[in-house]
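First comes one chain, alone, set out as structure tokens in the form predicted on its own.
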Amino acid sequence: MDDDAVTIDRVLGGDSDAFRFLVERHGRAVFRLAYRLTRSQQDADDVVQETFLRAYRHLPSFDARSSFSTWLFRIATNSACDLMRRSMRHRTEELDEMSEPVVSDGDPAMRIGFRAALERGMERLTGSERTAFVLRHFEGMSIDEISAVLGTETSATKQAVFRAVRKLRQVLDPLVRAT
């Protein structure tokens, strides 16, 4: 985004207040990604803070080969993975409406069962599978963009998305067939 480039130039030129605009512009998207990866509001808040601290410290190394948001998502993904490796505690929180799948019809018990099954399925995914799936299906990123965030080849990214979908299908198929 051109606005990002202008703002980055201002920050690098010594305008320390300009970074706030980048935080305001991208903060919600980074939080959504962090929440979907960590499944915890507190951890997502920590990831957002760490992401923007790292981005500020390393802004001079941003070379604009990819968009600022892609670079920021990569930092957020790494920060979330670092946090999850450090904590390694089991998460049992339900997904909130930000990551609620589209199930508009049916009774509330069905929606709750679907969310619980999706949560169980997400727990079965590896870190790279979960990240690739979230970026593809919740954030709507292209395979090329996800590859840039993950730092992987396109074929590896496609495989991660494919494996994630296959694992989630195994968990969700019984619910879908029951409707």
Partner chain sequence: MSHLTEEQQVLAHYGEPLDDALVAHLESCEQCRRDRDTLVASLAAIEDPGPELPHDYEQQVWHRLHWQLRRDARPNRHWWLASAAASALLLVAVGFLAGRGSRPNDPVPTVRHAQPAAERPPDATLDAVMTSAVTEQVGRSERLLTSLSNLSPDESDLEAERLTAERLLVSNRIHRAVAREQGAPEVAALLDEIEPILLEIAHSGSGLDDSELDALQERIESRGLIFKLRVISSTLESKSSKRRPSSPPATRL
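Positions refer to the first chain, counted from 1. Computed from a prediction, not measured in an experiment: that's the story for all the values here.
Another form exists, predicted together with the partner chain; not displayed. Remarks below refer to it.
This chain is drawn without the partner chain; in the predicted bound form, the residue among 41, 126, 67, 152 with a heavy atom within 4.5 Å of it is 41. Contact annotation for the candidate site: 20, 136 and 176 all lie close to the partner chain in the predicted bound form (heavy atom within 4.5 Å). With a 4.5 Å cutoff on heavy atoms, residue 10 does not count as touching the partner chain in the predicted bound form; it lies far away.
Among residues of the shown chain, residue 172 is one whose heavy atoms approach the partner chain to within 4.5 Å in the predicted bound form. At the 4.5 Å threshold, heavy atoms of residue 113 stay clear of the partner chain in the predicted bound form, well away from it.
Interface residue remark: residue 75 is not counted as part of the site for the partner chain in the predicted bound form, having no heavy atom within 4.5 Å. Contacts between stretch 18-57 and the partner chain, counted in the predicted bound form as any heavy atom lying within 4.5 Å, involve 19, 20, 23, 24, 27, 28, 31, 35, 36, 39, 41, 45, 46, 48, 49, 50, 52, 53, 56, 57, listed in sequence order.
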